[in-house]
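Quick heads-up: it's one chain on its own, the form predicted alone, in structure tokens.
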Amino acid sequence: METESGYDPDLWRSLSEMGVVGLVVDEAQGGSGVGPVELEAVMEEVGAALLCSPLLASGVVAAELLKALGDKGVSERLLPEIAAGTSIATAVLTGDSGCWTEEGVTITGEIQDGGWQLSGDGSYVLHGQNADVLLVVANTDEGLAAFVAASSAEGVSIEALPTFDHTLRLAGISFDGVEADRIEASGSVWEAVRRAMDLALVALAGEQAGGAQKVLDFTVEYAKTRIQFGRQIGSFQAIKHMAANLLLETESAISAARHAASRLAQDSENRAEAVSLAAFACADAFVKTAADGIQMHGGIAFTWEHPAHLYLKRARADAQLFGTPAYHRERYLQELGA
């Protein structure tokens, strides 16, 4: 996390060779060809390890967005390289408001000299500083459209954004008359974005559930071995109660994440409801578990050398990444028809 790129290239190559980077990419395009259930299981391990990588940006959001847009030519050109890890792609979907809705799209596309050009500022772009391929959703005279541009193209300006979580890389990207190729979407562009974001939320929920479980595991282990006042601190009633509450939080988060993955994989009618539920439940569970885990450790957890603070930072960052828990609660209620 302290390197300029924020990830380990050797590990990235290994994950690509194992098929992790191309999990949701079809086998015909060099991927593993699996779905949300398998992705969620992998993301639980990603959260437990606090993996620093462009996996969510490239292997999930960008890959799924390309699939959902349905441009066969663009997909056949980009997806094999994404699955192989030789190309890192990311999506520019929102501006400074970070609202992740259709109204939040801030880039504009215009035809100039017979070709498309992009202008405007995008923000909160996952691993934007590491990507070589930019998938951009922009407003045009014809409505929303999707484009692909090279990060090295003339007129592209990429600036790293400061993050509370040092394991996370976000960037702001400015476009000044950048030449881009339009992706010929087979349907609604925003529906394709929604599909990609639903998969991203399931992946993020798996990461949060896995991170919460890891924190609970090492916190309980610490409570069994830390001696205070001549006793293991785990024998104190207050610690027992906190641990029991965190067990409920982590088990509920895991259930919610796996349920959402299952509903999304089956393309069931209540998939949006299940995804929204997992989005806020897993975010809240990870934050609470990480925060209470620090309290249960005592002073040692406030030191830089102990990993507890890293999990809390990841938890708080994840809880804001694709919309706050309050936003997803509102979406959940809307899906219920409340």
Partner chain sequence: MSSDNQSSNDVLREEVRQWLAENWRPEIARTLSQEQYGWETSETRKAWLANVVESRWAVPRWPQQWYGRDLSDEQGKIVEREFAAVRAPGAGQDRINLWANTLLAGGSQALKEKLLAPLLKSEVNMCLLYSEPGAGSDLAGIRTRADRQGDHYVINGQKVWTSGAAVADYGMLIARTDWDVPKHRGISFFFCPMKQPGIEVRPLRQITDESHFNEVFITDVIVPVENLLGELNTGWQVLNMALAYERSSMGESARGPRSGVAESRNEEPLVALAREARVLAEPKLRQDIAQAISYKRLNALNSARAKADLEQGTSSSIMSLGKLAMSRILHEEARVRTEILGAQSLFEGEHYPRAEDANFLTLNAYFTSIGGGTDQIQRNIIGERVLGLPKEPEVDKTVPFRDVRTS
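Bear in mind that the values here come from a model prediction, so they are computed numbers and not experimental data. Residue numbers count along the first chain shown, from 1.
There is another form of the same protein, the form predicted together with its partner chain; it is not shown, and what comes next is about it.
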For this session: Counting only non-hydrogen atoms, choose the one of 45-53, 63-71, 288-296, 267-275 that falls within 4.5 Å of its partner chain in the predicted bound form.
Result: 288-296
Exercise. Three residues, L23, V156 and G177; all within 4.5 Å of its partner chain in the predicted bound form via heavy atoms?
Worked result: no
For this session: Look up in the predicted bound form whether W100 has a non-hydrogen atom within 4.5 angstroms of its partner chain, and give yes or no.
Result: yes
Exercise. G230: heavy atom within 4.5 Å of its partner chain in the predicted bound form?
Worked result: yes
Exercise. Would S14 sit within 4.5 Å of its partner chain in the predicted bound form, counting heavy atoms only?
Worked result: no
Exercise. Using 4.5 Å between non-hydrogen atoms, is W116 touching its partner chain in the predicted bound form?
Worked result: no
For this session: Pull the contact list for 238-266: residues with a heavy atom within 4.5 Å of its partner chain in the predicted bound form, in sequence order.
Result: A238, M242
